[in-house]
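Shown below, as structure tokens, is a lone chain in the form predicted alone; questions about how it binds or moves come after it.
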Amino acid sequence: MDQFLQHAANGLILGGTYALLGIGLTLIFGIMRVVNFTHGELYTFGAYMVFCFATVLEVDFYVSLAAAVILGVVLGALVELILLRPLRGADIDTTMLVMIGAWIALQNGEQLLWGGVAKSVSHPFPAEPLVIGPVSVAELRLFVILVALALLVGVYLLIHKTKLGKAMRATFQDRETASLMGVNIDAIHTATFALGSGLAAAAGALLGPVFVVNPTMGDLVALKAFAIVILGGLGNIVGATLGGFILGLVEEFGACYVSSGYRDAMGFLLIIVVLFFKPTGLFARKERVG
């Protein structure tokens, strides 16, 4: 039982950051109908920004985290304005090719700038874990899950309690009608992509200090983000959140009770099983983001 609780805690901590990735991707696809292949690179960007500020420039760790998220939002807005806005109305094949090109360009730019050697991120937390009953949790990992939960609550409130969130949900349901009602669709698309990018950067900024940072760290993460979106149901914020936690738990228990070598495969096996029985995902909802 002690081992079970320990792995459950580890899975929940990982699942919180997965949920951030899933929410960002489901917002972008649900509202903009864009398959965002740069999502993993925005995750990597957030990790490298924390490394740059906290380790290279020796800026306060918490300020570095905030800066990484803000810069992720800015980068996402630039990608939407420069690459996606001119393609508004283009066929999906063209948009996908452009986003794949952006993914490759960002990854190679990171490798050129930072090199291919993995980097570790400085942080102020002690190495000794906190012992809570039978569970031992590093203070850094506890900080990660608390910040992730705060961001998840913040995004939910933004989507459901603000005018911007109402405009985003209206655009998801019927963009033509939303436009006739005075919603600036271009601004909503930019805000949506920037928000999704900021969440991906936040996930990278939080997990960068836990693991190590390298230029290809976002490749597998991007696949997992797509898996979370499929698992939770397209356009469903709550579904993406639950999907992230489910994936984190499945990976952790799979590594514990099956084999650590199959950690990543367990999550994708789950997706295959879910799609076989419920092709729309576990928590699919029609015509809404929420």
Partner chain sequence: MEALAFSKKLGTFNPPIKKADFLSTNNDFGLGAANEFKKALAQQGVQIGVGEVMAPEATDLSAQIAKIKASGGDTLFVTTGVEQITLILKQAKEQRLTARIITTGGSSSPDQLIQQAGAAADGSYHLLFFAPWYPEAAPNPDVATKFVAEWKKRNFDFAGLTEGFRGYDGIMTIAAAIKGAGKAEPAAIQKALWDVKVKGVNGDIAFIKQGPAGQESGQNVPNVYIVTVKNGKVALP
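Positions refer to the first chain, counted from 1. Every value quoted in this text rests on a predicted model; they were computed, and no experiment measured them.
One more form of this protein, predicted in complex with the partner chain, exists but is not displayed; see below.
Checking V153, L220, L87, L113 against the partner chain in the model of the complex, a heavy atom within 4.5 Å turns up for just one residue: L220.
Not displayed here, the partner chain is approached by E128 to within 4.5 Å at the level of heavy atoms in the model of the complex. A residue is said to contact a partner when one of its heavy atoms sits within 4.5 Å of a partner heavy atom; P209 meets this definition for the partner chain in the model of the complex. Although the partner is absent here, G109 is not a contact residue: none of its heavy atoms lies within 4.5 angstroms of the partner chain in the model of the complex. The partner chain in the model of the complex is not approached by I145, whose heavy atoms all lie more than 4.5 angstroms from it. You can rule out all but one of 73-81, 137-145, 99-107, 195-203: in the model of the complex, only 137-145 has residues with a heavy atom within 4.5 Å of the partner chain. Candidate site formed by T44, T95 and H189: none of these residues places a non-hydrogen atom within 4.5 angstroms of the partner chain in the model of the complex. Contacts between 237-265 and the partner chain, taken as any heavy atom within 4.5 Å in the model of the complex, involve E252, A255, C256, S260, G261, R263, D264.
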